[in-house]
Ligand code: KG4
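As structure tokens, one chain now follows by itself in the form predicted alone.
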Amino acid sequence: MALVLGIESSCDETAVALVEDGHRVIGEAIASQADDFAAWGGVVPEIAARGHVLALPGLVARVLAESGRTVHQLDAVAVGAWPGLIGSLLVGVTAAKVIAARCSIPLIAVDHIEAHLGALHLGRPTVAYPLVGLVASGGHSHLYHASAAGRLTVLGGTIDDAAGEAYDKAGAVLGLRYPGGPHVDRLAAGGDPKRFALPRSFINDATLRLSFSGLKTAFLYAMRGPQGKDPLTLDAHGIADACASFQAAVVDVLVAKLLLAAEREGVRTIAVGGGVACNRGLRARLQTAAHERGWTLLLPEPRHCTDNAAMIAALGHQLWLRGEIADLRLAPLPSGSAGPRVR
């Protein structure tokens, strides 16, 4: 039995989790700052970093107490070290280094993007590789070939905006509360996805490129006129139709490109991680597509799709088993190898 403490602080969620043997979550806690940033319509980096400083010590103590463990029973501590907001990352990395030094246990540096696919291990004692995975979130939309946990090769991805960021902007256009993505998904279930004609960039080409900038602009003009400045006049049914139309455009593209990537790589297992993997429309379409092809679809639980520390601990466990240990000179980085823009 191995216990790994995970710490995540890459953006505005402060999270701590304790994971046993790389797949069994025995304690976790998250402090979100989303409500604090609703008035701003997005994350303010300096405020986010201060929030992590305030929340992290209490979360570590809470997770250990509720799981009946102490820091001296930990076998390793894993931390999201890149990519992310540098001030936010620094808080988590510093805390992990202190725990590792105080308890004389290994320190594991985890790539936040790789961890979104590492979340596939939660609740699964084994995961069969290779697979093709999509990480779709507020800041990332990329396709990967995974030969093992944390061993990813970029196949393609966004050339501009991420899918989750586009969802949040669509929510803002409609006057929905930040973050808009979950509200768009909820309202889409009751709308007509064919009411508004919206573009699906690159869907018919042979590349693995993604783009959502044009969709955002088209949606703004469809809702608020050619200059995007007219007052919104849709009633509740119209807003639901708008959400359904927008979601259909995003899901069509994500599903098409993930299936294309899997076919090219010759794999029969596909996976999705990241906040957009919570999206019910996307999950339903992928389940149908995988069933029709006889493929295996792996999806984390919705609570482990958004930023969380259990995914950090799960991937950290795999890295630890491979001997990939960081030292106490570990420095956080705002960018990482798993999420470059595709040109």
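A residue's number is simply how far along the shown sequence it sits, counting from 1. Because the structure is a prediction, the values reported are computed rather than measured.
Below, we turn to the form predicted together with this ligand, even though it does not appear here.
Chemist: Among 189-197, 216-224, 202-210, 136-144, which stretch has residues with heavy atoms no more than 4.5 Å from this ligand in the predicted bound form?
Modeler: Partner-contacting stretch among the options: 136-144.
Chemist: Does His112 make contact with this ligand in the predicted bound form, using a 4.5 Å heavy atom cut-off?
Modeler: His112 belongs to the contact set for this ligand.
Chemist: When the contact criterion is heavy atoms within 4.5 Å, does Pro106 count as touching this ligand in the predicted bound form?
Modeler: Close contact is absent here: in the predicted bound form, Pro106 is far from this ligand, nothing within 4.5 Å, heavy atoms only.
Chemist: Taking this ligand as it sits in the predicted bound form, is Gly275 near enough to touch it, meaning that at least one heavy atom pair lies within 4.5 angstroms?
Modeler: It does: once this ligand is placed as it appears in the predicted bound form, Gly275 has a heavy atom within 4.5 Å of it.
Chemist: Heavy atoms within 4.5 Å of this ligand in the predicted bound form: does Gly156 have any?
Modeler: Close contact is absent here: in the predicted bound form, Gly156 is far from this ligand, nothing within 4.5 Å, heavy atoms only.
Chemist: Ok, Gly238, Gly150, Pro130, Pro182: which has a heavy atom sitting within 4.5 Å of this ligand in the predicted bound form?
Modeler: Contact residue from the list: Pro182.
Chemist: Output the sequence-ordered list of residues from 143-170 with at least one heavy atom within 4.5 Å of this ligand in the predicted bound form.
Modeler: Contacts from 143-170: Gly164, Glu165, Tyr167, Asp168.
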